[in-house]
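First, one chain by itself: the form predicted on its own, in C-alpha cells.
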C-alpha cells in the first residue's frame, strides 16, 4: 500500500517483526517502509531488542531512520498495560538481563499453554508453533495461528476468545514487571518510556484514566501513544488532551504484525494514518519541547 507518490515525512513508531510475533523480518520491514516513503520507523518487539538491533544494523546506508525500540508488558488489571521504550541502548546489560527473564517466563508459559490445549483434546505440538514463528520469540499469536491451521478454530480472534484470553481454559499467566519497573528499566537504558494504546487499560472513565497516567508519570513515564489504528476520533482527542495536560510526549504507530493482524499496514494502519515526523523530533528532545 502506497502512502504517496512523492517522498513524505511520515513515520511508524510501533512495528513488530519476526523477532517477536510479527510475520516480516526486520529487513522486510525496512524494505516496505522505504517503498512507501516513510522517513523513520521503530521496531518495538515484545520483550526483545533483537529485531530493533537487526534493523539498525541493516539500515545504516538505507536513508531510513531507525529508532531503537521495545515493548514491555507490565503487570496490570483489569486490562493490559504495555510500555514502549524508544531510543534505548540495545546493548545495555541491565535491560538485556531483564528481557531475558521475561523471555524465559514467556517460554515456560508457552509450553504450559500447549499442554493445556492437548488436555482439551487438541493435537498440537510445540515444534509446530516454533515453525510458525519463523525462528523468533514464540507467543500466543503463533499458537493461535497453528490452531487456525489445524481447523480447531476459524480465525485467530476465535482462538483467543475460546482458548487463549485471560479467562480462557488454556490461558497461563506469566511473570511481568510492575509498571514502575518497566518504566525504570527503559529509563536506565537511556530510553523514553511511553504508554502504548491506552484504551487497553479498560479505564471506566476519563478521570480514572487520568489518575493512572498521572501515577505512571510519577514513576517516570514520558509519553502517550496517541495515534493508533484502534483509536477513534474521540479517543484520539482525549489522549491528545491528556498528553498536553500532563506534559507528555505524543507518539503513534500502527502496531503492525503482518499476517497476525491482517488489514493493518505499515505506515498507514487501515489506510487512514499519517504520523508526522515531528513526533520523532520531540522524542529526540526527550520531552523538553511542547508536544
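Positions refer to the first chain, counted from 1. Treat the numbers as computed from the prediction; the structure is a model and nothing was measured.
Keep in mind that the form predicted together with a small molecule is not shown, yet the notes after this line are about it.
Trainee: Tell me, out of 157, 89, 115, 107, which residue has a non-hydrogen atom within 4.5 angstroms of the small molecule in the model of the complex.
Mentor: Spelling it out, the residue with a heavy atom inside the cut-off is 157.
Trainee: So, residue 257 and the small molecule: in the model of the complex, are they within 4.5 Å at any heavy atom pair?
Mentor: Yes, contact at 4.5 Å.
Trainee: Tell me, yes or no, whether residue 139 is in contact with the small molecule in the model of the complex, where a contact means a heavy atom of each within 4.5 Å.
Mentor: Heavy-atom contact with the small molecule at 4.5 Å: present for residue 139.
Trainee: So, residue 46 and the small molecule: in the model of the complex, are they within 4.5 Å at any heavy atom pair?
Mentor: Flag for residue 46 set to yes.
Trainee: So, residue 174 and the small molecule: in the model of the complex, are they within 4.5 Å at any heavy atom pair?
Mentor: Because a heavy atom of residue 174 falls inside 4.5 Å of the small molecule in the model of the complex, the answer is yes.
Trainee: Partner absent here, but in the model of the complex, which of 200-208, 157-165, 182-190, 213-221 has residues with a heavy atom within 4.5 Å of the small molecule?
Mentor: Single hit among the candidates: 157-165.
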